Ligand code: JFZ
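Read the single chain below, which is given as structure tokens and is the form predicted alone.
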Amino acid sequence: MSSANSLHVPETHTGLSHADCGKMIIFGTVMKTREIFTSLLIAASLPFQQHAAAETMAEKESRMQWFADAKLGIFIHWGIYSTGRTSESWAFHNGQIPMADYMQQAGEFTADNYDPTGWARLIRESGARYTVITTKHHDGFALWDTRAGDVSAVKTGAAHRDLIAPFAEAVRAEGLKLGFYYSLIDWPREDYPETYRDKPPKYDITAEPARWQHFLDFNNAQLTELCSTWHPDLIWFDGDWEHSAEEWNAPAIVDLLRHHNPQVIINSRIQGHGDYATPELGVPVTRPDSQWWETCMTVNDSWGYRTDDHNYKHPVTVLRMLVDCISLGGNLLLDIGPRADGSIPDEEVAILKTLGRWTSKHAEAIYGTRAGIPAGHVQGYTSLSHDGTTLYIYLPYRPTGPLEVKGLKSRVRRARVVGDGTELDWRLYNDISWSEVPGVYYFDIPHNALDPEITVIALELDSPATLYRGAGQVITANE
């Protein structure tokens, strides 16, 4: 019986003077200024002025299902900053290094040890169900063979080849969902207004709308290339904060993407026109308002590879972040930073392999689950099976006694250790038939059944989880 105290848990790119451009040599080739918009430009952007028909909630839920079930993704920040000497893009934006010096790092971006097949296999083995790679950061350096610009791994990087094409092929071969990070901003380009923090923009877009439209057309051309060539499952925008949705013409961008893949999922960073929320560098304390969300987190303190950042998170810390996200009904997008030669630091490989051991063992308590019960019922993180009849409890500690679960009105039919199969004995105290307050469960967990990192307990219930959420009661009758 329900009550008030019950809860059913339901190309002009460098931004430099012409004199500076003349001095800026990369692989012996002078950076050239040229008009980028050929026939690609386009015909491609014109059909998207008419916005697509509204999607029903049922259609959106179907489109978002794989994302909701995935729980773990791997983010990859890779670009000319991967020499390890500077942060990605922000280094010149914040005045830590001249922009010309920053851009010259492209001469060291060789990708000599790049193994896209190995990358994709490692990502799959970590237990991730999707991956997101930086196709272009705020510095405008594209990792694919873009025809819509002069700054890329092919034209101005020492790699001299398309790096996205083999990665996309390898990811799909491993059965993973493919995501592309794309920065809407491009600070070095002369037709992009902003470049440096605390300095006035290069021009006013209201005074020079044609110049701003030129930049928007450039973005549309690059997005058209990415989406028409590889049909990514997810687009991870960044940089939207510098302009409004109207200035970006955000609805038209969404229409353009959906023209190439009606099922594409888009993150929140397109001024409110995306599908899911993206809190950053910290698991939320309370669940975000969005039905779908993902927190992005670094393996150390940096997004890209840094030679001076050895503050790698302990694998168990990363696992705790993962189960924290799972318990709140969201995903963890864990970022790694390969070096400029394409090799992945050993510390990052070790973290992904630890994730893989744990996720493989506990798959049933990860994928396809939904948010768990509120805090206070058990000392640990929780999630629920899709139908709500199995309560998963994650213990990031070694219990010194029985595990207590209180306020659970649904009856426990069976208790077991996930991935181990050990059946658990339990006791139920103060279970009084006429009381609204349910009894308290105590589960005995043998020490030999504990996982080295995080133990998971499955409580199979006789009905979808229903909780008592009151403050207790005073007994006025005893029958």
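The shown structure was predicted, so the numbers you read here are calculated from the model rather than taken from an experiment. In case it trips you up, residue 1 is the first one in the sequence shown, and so on.
Below, we turn to the form predicted in complex with the named molecule, even though it does not appear here.
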query: Heavy atom of each of Y312, D346 and K353 within 4.5 Å of the named molecule in the model of the complex; finding: no
query: Partner-proximal stretch of 97 to 105, 72 to 80, 218 to 226, 364 to 372 relative to the named molecule in the model of the complex, 4.5 angstroms, heavy atom; finding: 72 to 80
query: In the model of the complex, the one of Y381, W293, Y181, W212 near the named molecule [non-hydrogen atom within 4.5 angstroms]; finding: Y181
query: Listed residue that, although the named molecule is not shown, lies within 4.5 Å of it in the model of the complex (heavy atoms), from W144, W230, Y276, W90; finding: W90
query: Non-hydrogen atom contact D238 with the named molecule in the model of the complex at 4.5 angstroms; finding: yes
query: Exercise: F167 in contact with the named molecule in the model of the complex, heavy atom 4.5 Å; finding: no
query: The named molecule contact in the model of the complex: W303, any heavy atom under 4.5 Å; finding: yes
query: Proximity of D341 to the named molecule in the model of the complex, heavy atoms at 4.5 Å; finding: no
query: Partner contacts for 266 to 293, taking the named molecule in the model of the complex and a 4.5 Å heavy atom cut-off; finding: R269, E280
